[in-house]
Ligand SMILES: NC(=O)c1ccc[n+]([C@@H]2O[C@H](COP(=O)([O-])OP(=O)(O)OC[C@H]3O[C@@H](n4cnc5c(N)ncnc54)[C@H](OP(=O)(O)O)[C@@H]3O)[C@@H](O)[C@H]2O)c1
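Here you get one chain, nothing else, as structure tokens; it is the form predicted on its own.
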């Protein structure tokens, strides 16, 4: 663990051309900064590896999550422990979650943080099943955007990733009639069915998605929760029917070249079949977070919601973890254990 007073951080050295490489990042140690009024100094325990991080590495004025300047600390959500406080509402020893960045000690405004209870559900669960970009995103996307019912056949792309693993399970817990996951490779397909309770899986690397989806969902797709975009979105659009709901959560297939995003070629199926395509970000549903977390806690407690975490250890593994996310070299929630104690 890094000694108190020293912050080791991952910085952006150069902008990637396509998928990031190790050469795009640097690791440097600098003095930790004492907090000012309304700030806290946090020892970072664990970091969440999320697809939005890739979008911050480009020089784009229209990036939803901002554009990281060269030389700056890479943005990331995390859980940590307050060391020093400039805010009476936060005391040393408090566990907090929020935008801590890819570093070992973060000085951040308390307006960007929330207190969390890690005594029952630790940092991994706070960032995963109950995390903003993972469990909460899956929950609001399925319940409030997809509006899943017990008569629905639901399809999830990127189903073996962080959001996908929870989205499929939550669809099932909301009563969906059938849940189908799209992922890459037979091992991930078995994982979806055998461990997460998906009814069936489609390996997008093994032949035609169109044919396999028509076989598994002969009456069409009611809800499609899309994390990938591109060709997979086009394939599913061919299988929708009247009143289908297409939920656009993300499009990781497009993040490597945001200046040349490939839109859906089959979007006219929405008009032909009186279907709906709706994008969302989880922050638009802040008023529903308490409800979502209550349900997720209950499901975790009764064992009906399964967590699977892939943890890399050490802040120096952050670039590698991001590479795993973008190349599909993991299952479930990707995390970096910074403290060695999480």
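Residue numbers count along the first chain shown, from 1. Treat the numbers as computed from the prediction; the structure is a model and nothing was measured.
Just so you know, the form predicted together with the ligand exists too; it's not on screen, but the next bit is about it.
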Can all three of 129, 170 and 300 be found with a heavy atom no more than 4.5 Å from the ligand in the predicted bound form?
no
Heavy atom within 4.5 Å of the ligand in the predicted bound form: which of 228, 116, 83, 217 fits that? Just give me the one.
228
Within 4.5 Å, heavy atoms only, which of 29, 281, 56, 276 is in contact with the ligand in the predicted bound form?
281
Find out whether any non-hydrogen atom of residue 204 is located within 4.5 angstroms of the ligand in the predicted bound form, and reply yes or no.
yes
My question is simply whether residue 292 lines the interface with the ligand in the predicted bound form - judged by any non-hydrogen atom within 4.5 Å.
no
Is there a heavy atom of residue 156 lying 4.5 Å or less from a heavy atom of the ligand in the predicted bound form?
no
When the contact criterion is heavy atoms within 4.5 Å, does residue 319 count as touching the ligand in the predicted bound form?
no
Contact stretch among 66-74, 30-38, 303-311, 47-55 - heavy atom within 4.5 Å of the ligand in the predicted bound form:
47-55
Could you list the residues in 171-210 that come within 4.5 Å of the ligand in the predicted bound form, counting only heavy atoms and keeping sequence order?
183, 184, 188, 204, 205
